[in-house]
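For reference, the chain that follows is the form predicted on its own, supplied as structure tokens.
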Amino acid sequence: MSRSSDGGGPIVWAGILLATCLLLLLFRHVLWLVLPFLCGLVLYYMLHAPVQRLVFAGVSKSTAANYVAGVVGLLVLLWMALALPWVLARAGQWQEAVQHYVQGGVRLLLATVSMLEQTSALLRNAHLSQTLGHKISDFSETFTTTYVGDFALTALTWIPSMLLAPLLAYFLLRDGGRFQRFLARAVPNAYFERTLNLLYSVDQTMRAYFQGLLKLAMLDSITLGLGLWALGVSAPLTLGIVCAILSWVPFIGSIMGGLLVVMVAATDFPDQPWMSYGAVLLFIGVRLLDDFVYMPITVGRSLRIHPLITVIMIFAGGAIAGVPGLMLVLPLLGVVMVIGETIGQVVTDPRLRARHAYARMLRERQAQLDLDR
């Protein structure tokens, strides 16, 4: 199905899919640790290449990790020192721009409802556009007092957990080899080679996932950007990149990206609602391409998972663990697939089991000789 191996039969794959679903259910309850760990892995794979170059140049791994982490930390602090005054100086302009685009989206919504009322007596008698206008006005007035405080409180509770991400990335860069050796020493000699291969495969699987995610973002950005450019929407490439990054959070990210595209199109063409409808159809088409074409051929192919299993597990992840499940299902499936297939190869390999049994017999014989002396 993905690898040509003796351990990839239907029983092994049933165990892989079941284990993935159970882990998703578990991760849903420890999300405070899973998300920082996932962000830490992203940072690790981004910084792994410069650390390796320093190691190949003769620098020790711990020293190389310290150098890279120090340089990145200084760059981040410098960027924050330069960007913060610029952001604060333009905060008012950005707030006005956001309000301007939101008003454009609201005008499009009310115009669409009014048009539907003209074609439906039921909606016209219900005064839907008038009711909706009042609801939007009330929501706008109470949004700051009702939602902003809760959002800020939630963000503050997540800050300590997310600070684990750079810490995890640093220690993976510095001590990742020690951790692998620690795991390898706990394995019997008969399975030592398989264990080394397993650790390498897990590392390659995670690297392939993040590389596939970048390829997916590039395809989404180009496709949506070209479509918006053809429609004449302002800043098409920027919108494409922002929507592609938001789509890394399935469903919710797609909804936010779609609303952003609609609001910009409605503001750019206030008297031409069909342009906004065209942008909606374009966005839906790109999302369908992303879910059923781009994701299987980028992330799914990078993980060497069949496209059908990729699509099924995406839906299963959302059903089991919601939005976190959608984010975690593919990298988790890739890692469980590697571990499951390796275990399947070990269990079904009579030579490895014979080597392990013979080694155990020799240890028992040696222990008996020591007792007889």
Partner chain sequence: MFGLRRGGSYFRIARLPYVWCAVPFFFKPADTAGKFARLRRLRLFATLTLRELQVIDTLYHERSFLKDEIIFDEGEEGQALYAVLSGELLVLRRFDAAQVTLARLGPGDFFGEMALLDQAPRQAQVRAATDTELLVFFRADFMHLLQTHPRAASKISLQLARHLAQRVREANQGKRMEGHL
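Numbering follows the first chain given and starts at 1. By rigid core we mean the largest C-alpha set that fits within 1.5 Å across both forms. It should be emphasised that the depicted structure is a prediction, and the values quoted were computed from it without experimental measurement.
Note that the form predicted in complex with the partner chain isn't included here; everything after this is about it.
Heavy atoms within 4.5 Å of the partner chain in the model of the complex are found in one stretch of 225 to 233, 189 to 197, 80 to 88, 272 to 280, which is 189 to 197. Although the partner is absent from the chain shown here, none of R28, F37 and S161 has a heavy atom within 4.5 Å of the partner chain in the model of the complex.
Listed residues A319, I339, V55, V42 were compared with the partner chain in the model of the complex; V55 is the one with a heavy atom within 4.5 Å. When you look in the model of the complex, the only residue of L167, V102, I245, A184 with a non-hydrogen atom within 4.5 Å of the partner chain is A184. The shortest heavy atom separation between F139 and the partner chain in the model of the complex exceeds 4.5 Å.
Residue contact check for Q368: none of its heavy atoms lie within 4.5 Å of the partner chain in the model of the complex. Looking at Y67, you'd find a heavy atom of it within 4.5 angstroms of the partner chain in the model of the complex. Although the partner is absent here, R287 is not a contact residue: none of its heavy atoms lies within 4.5 angstroms of the partner chain in the model of the complex.
Although the partner chain is not shown here, in the model of the complex the stretch 211 to 225 places no heavy atom of any residue within 4.5 Å of it. Relative to the superposed rigid core, G58 undergoes a CA displacement of at least 2 Å between this form and the one not shown.
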